[in-house]
Ligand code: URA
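Take a look at this single chain, the form predicted alone, given in structure tokens.
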């Protein structure tokens, strides 16, 4: 990590945990280089209490040349222990969903709104079933990292997985059942071009309700059609 980045992620006051980080701008640097610096910054980040409770930070994984970026809510137990997003049951299902339209984990980029595991009981990270949605303060503290990743990648499409990711990026509280499958646009800021955004259900929702697979398949066909365009 560069000295400048260390200065950005260091906290001068423990009470300043809600301030959004200021990651290194992508500019014209290679995406792989910027993503590596961002991952180092995320690993050092203590901008909110999640950083103190986590086992590992979970920056993201995938190709720096990805045309598609999948964005979920936050890491869970398995992700916290392995340091990679979507590696539990939901992750295995996500892999199958991607494979259905010819994509793979190595070809896309997968990340989350927050980079550390939000726990109901942060004193016991070894306990399963200890997950909760991230708070608005935690989302605000982490949001700069995600936008910096998007600016570095410049993907053709962002696919949000679940209600939280869609609501945060779109600033729209419309239920996911009403906005899934409808193409939108996302502006990552700092002069980066807008990115097409497709909301769909989180894989965990499909595990709870297999009937939703039909809707996700429809969304993935729409994604495949968009990627087939010149």
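For clarity, every value in this text was computed on a predicted model and none was experimentally measured. Residue numbers count along the first chain shown, from 1.
The following text describes the form predicted together with uracil, which does not appear among the structures shown.
S.K.: Just to confirm, with a 4.5 Å cut-off on non-hydrogen atoms, which of 202, 167, 180, 47 contacts uracil in the predicted complex?
M.R.: Exactly one listed residue reaches within 4.5 Å, namely 202.
S.K.: Which single stretch, out of 85-93, 136-144, 152-160, 122-130, brings residue heavy atoms within 4.5 Å of uracil in the predicted complex?
M.R.: In the other structure, the partner sits against 85-93.
S.K.: With uracil taken in the predicted complex, which residues across 104-136 come within 4.5 angstroms through any non-hydrogen atom?
M.R.: Only 112 sits within 4.5 Å of the partner.
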